[in-house]
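Consider the single chain below, provided in structure tokens and representing the form predicted alone.
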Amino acid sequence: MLNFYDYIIIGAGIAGISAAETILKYDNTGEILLINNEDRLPYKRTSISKRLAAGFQKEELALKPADWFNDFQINLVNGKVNEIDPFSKSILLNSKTIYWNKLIICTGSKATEIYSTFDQANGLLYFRNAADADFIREHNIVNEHIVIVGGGVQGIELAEQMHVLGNKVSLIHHEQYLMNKHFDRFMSSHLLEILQNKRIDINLKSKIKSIQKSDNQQFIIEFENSQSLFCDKIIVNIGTKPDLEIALAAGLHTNKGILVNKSLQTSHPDIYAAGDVSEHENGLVTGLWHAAEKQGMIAGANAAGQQFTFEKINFRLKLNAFDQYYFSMNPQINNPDFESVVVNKENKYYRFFFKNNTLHGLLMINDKDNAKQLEQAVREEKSKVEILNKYG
């Protein structure tokens, strides 16, 4: 490992990988250090909750093979950055000081915690990375009662996977309906019925007051409405928050995330931030895979001397659960400025959101074959006539 690099990227998720790959397009001679803080090659994080029951080999989900880093002379190292010094333009990595010309922070996000005195050692689990998936799978005991806390996309996937692993599953969600940030009531009810038909117990509008242990070492979850639930393990998946630890210590400007301008520069002109850790205009923290990928590309290009800007783009969200396919992209459910058109046919559901007779968002169930075309239709703002002629 050198004492100086032209580019140091902290974090080797999709934002970090995209940043490194883009730097190569504009500067194929600069030295790149990519710092990975996990126990395997950089991998596709969105796959781990889908592959929990089947399992996966350590490097099976790798974004790039090991040879790729060597072939392109990207110095991939495992370790934790203990400090960023913006004044000397250095980092402290594994007790070694390393200097940089440009720095890109892609530390991503970490699991939002619930208050509890319990941890992984005695059954309370947080699901965020591949090591968490390995631990849950290795310690699974068939017919245990598992409670999933969180009704977002990963919470639903975890409920399905723990069911496939042979457990009794309950799911707790504090909102009135599942996937409330991305689905309308119809899609949420459709999903709810699918889960209930699989004998997954769903607890909506349920806020946890306390978690305790009984004499037989079961968890006792007490709700604010005075009801309670007994279980063997709890998997918490109530969202994420930007991992700001090193940015705060370095004195970079932060709010919910690291504050960046449209060029993805932080308050230090030679430090960029991309992906889930960055906060954009109007407080936007994107939190989506493809958004992080796009931001990594822009940060990498600009660090290499280009002048690209990041504009908010609508990215799609998809959910596969019990052979059902759900798709959401820029839904405008309660926005009076948009016309909503619902089409229900052949076990498929569409809800289109039009403005000025052009498509700006949609919801869909079970038309996976046309998902890419529908995503493109939103991006191209296809006409209402064209969309309804095809899908109406």
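It should be emphasised that the depicted structure is a prediction, and the values quoted were computed from it without experimental measurement. Don't overthink the numbering: it's just position in the shown sequence, from 1.
Omitted from view is the form predicted in complex with a small molecule, to which the following refers.
Residue contact check for A274: one or more of its heavy atoms lie within 4.5 Å of the small molecule in the model of the complex. Not displayed here, the small molecule is approached by T107 to within 4.5 Å at the level of heavy atoms in the model of the complex. At least one heavy atom of A15 is located within 4.5 Å of the small molecule in the model of the complex.
Taking non-hydrogen atoms only, V149 never approaches the small molecule to within 4.5 angstroms in the model of the complex. Here the chain stands alone, but in the model of the complex its contact with the small molecule, taken as any heavy atom within 4.5 Å, falls in 33-41 among 33-41, 354-362, 341-349, 54-62. Annotated contacts: R137, G166 and D232 are all free of the small molecule in the model of the complex [non-hydrogen atom within 4.5 angstroms].
The contact residue chosen from F219, W100, F127, Y177 relative to the small molecule in the model of the complex is F127, the criterion being a non-hydrogen atom within 4.5 angstroms.
Scanning I246, L192, L259, M297 against the small molecule in the model of the complex with a 4.5 Å heavy atom cut-off leaves one residue, I246.
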